[in-house]
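One chain comes next, on its own, written out as structure tokens in the form predicted alone.
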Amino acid sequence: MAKTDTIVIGSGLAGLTAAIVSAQKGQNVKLLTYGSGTLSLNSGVIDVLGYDQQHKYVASPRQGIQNLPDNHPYRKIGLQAIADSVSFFLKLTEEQGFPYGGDLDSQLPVPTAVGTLKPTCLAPESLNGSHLVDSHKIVIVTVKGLKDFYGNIIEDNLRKVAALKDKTYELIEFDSGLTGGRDITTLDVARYLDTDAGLAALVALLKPVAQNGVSFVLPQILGTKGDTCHKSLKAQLGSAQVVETTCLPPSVNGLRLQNLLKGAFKQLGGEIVEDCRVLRGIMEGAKCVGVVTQAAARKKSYYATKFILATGGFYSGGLAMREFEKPQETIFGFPVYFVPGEENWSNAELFSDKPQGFALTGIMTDENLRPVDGSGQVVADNVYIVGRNLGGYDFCFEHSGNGVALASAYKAGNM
């Protein structure tokens, strides 16, 4: 019976991070993934904590974390582990040639595709919206045929930001020449800008407008290969700044980060087993000794000393609820915390000043991130819960999703 040191289930930010941290400790690591992970669905920036439980803006994530309730994942992870995870991530992205900036004591403003500024903790330079504040002119670059990026809406909303209302604005359009009978996506344009011809066409459009004090705002199209395109564009435009917005899926920056993490894991000798659906755990009392998987029509068992569960929440299938008020964790059947009462499941207003009840659903853990039951008893000694599987927080309301994923994965990988 072949046995691995650590098996990680799931290939989102939490799963890939946990796998890398485990491999860096010299462990033999297998990552089992059924899909492509969730990084293509999110911005790839690391929101640690943007808003507190009263939905007040948090200027310092480090300070805000200390005011969270006891059942929040951050309180179980601990501030030191969170800080260490941030340092780990900044070092990793630097070493892999796609550096992120930021720290745990401040927020970076990241422009969105509708012209708002969202607070985040860590982001690549191409998404750093602080450059907009220092500019005197903002040039919004739309792309012909690209939906969900409308220059006039972006301008209207940027003008509502106090620090940006008195700027000069201009709209220009980039014609990529991409056609084919369907709407193009940011990923289509990003792949075009990976080519010399694509980058040259964009430079030809922007260079006549580029000057000191000008910031260009573009959709998330600056190539798929880390910061290669952004750096090349900046070098050719002189002192002008170039800033991307977040975007609807597929997220180009999420894919950049995914490629970085997968590459780093493979460099460490890690193995990714794809199209591998984990059906159930093999338990001996409170200890997991293996998992049963299925690929196509064939079942196979994998055995390990340690297991890290990173299958996500409702959106990713890690949690399911076929009967109201009976949520289930879909592999091991671990106890799942939820807010009881139909009236407490969701707020009357979608965008309200308190977390959504359904979003708090997840697995509660001890301080070592092992799953516990309603009385706080550990139910699996060698299984660790990370990312959106965790209960007690609303990642959307708090702007904390990727932060919890990173910090919990870092801690679990070090257990």
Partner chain sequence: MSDTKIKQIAPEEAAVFTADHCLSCTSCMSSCPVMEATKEYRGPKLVGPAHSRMHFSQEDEEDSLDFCSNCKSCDRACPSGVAVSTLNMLQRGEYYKTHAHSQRDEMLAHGEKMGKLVHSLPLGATCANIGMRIGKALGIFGLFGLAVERDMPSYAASTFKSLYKNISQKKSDKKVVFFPGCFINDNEPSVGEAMVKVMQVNGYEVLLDDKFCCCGSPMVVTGYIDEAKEHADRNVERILYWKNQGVPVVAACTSCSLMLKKEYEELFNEAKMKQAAANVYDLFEFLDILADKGELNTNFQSVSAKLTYHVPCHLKAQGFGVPAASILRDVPGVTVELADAGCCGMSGNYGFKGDKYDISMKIGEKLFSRIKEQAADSVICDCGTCRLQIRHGTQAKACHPVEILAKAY
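Positions refer to the first chain, counted from 1. All values derive from a computational prediction rather than experimental measurement.
If you look for the form predicted together with the partner chain, you will not find it shown, but the lines that follow are about it.
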property: Residue 188: touches the partner chain in the predicted complex, heavy atom cutoff 4.5 angstroms; result: yes
property: Contact label in the predicted complex: residue 372 to the partner chain, heavy atom within 4.5 Å; result: no
property: Proximity of residue 360 to the partner chain in the predicted complex, heavy atoms at 4.5 Å; result: no
property: The partner chain contact at residue 302 in the predicted complex, heavy atom, 4.5 Å; result: yes
property: Whether 136, 160 and 196 all lie within 4.5 angstroms of the partner chain in the predicted complex by heavy atom; result: no
property: In the predicted complex, the residue from 229, 255, 108, 278 that sits within 4.5 Å of the partner chain by heavy atoms; result: 255
property: Sole residue of 274, 156, 342, 148 within 4.5 Å of the partner chain in the predicted complex, by heavy atom; result: 274
property: The partner chain in the predicted complex: contacting segment from 342 to 350, 384 to 392, 29 to 37, 52 to 60, heavy atom within 4.5 Å; result: 29 to 37
property: In the predicted complex, residues of 244 to 269 near the partner chain [heavy atom within 4.5 Å]; result: 249, 250, 255, 266
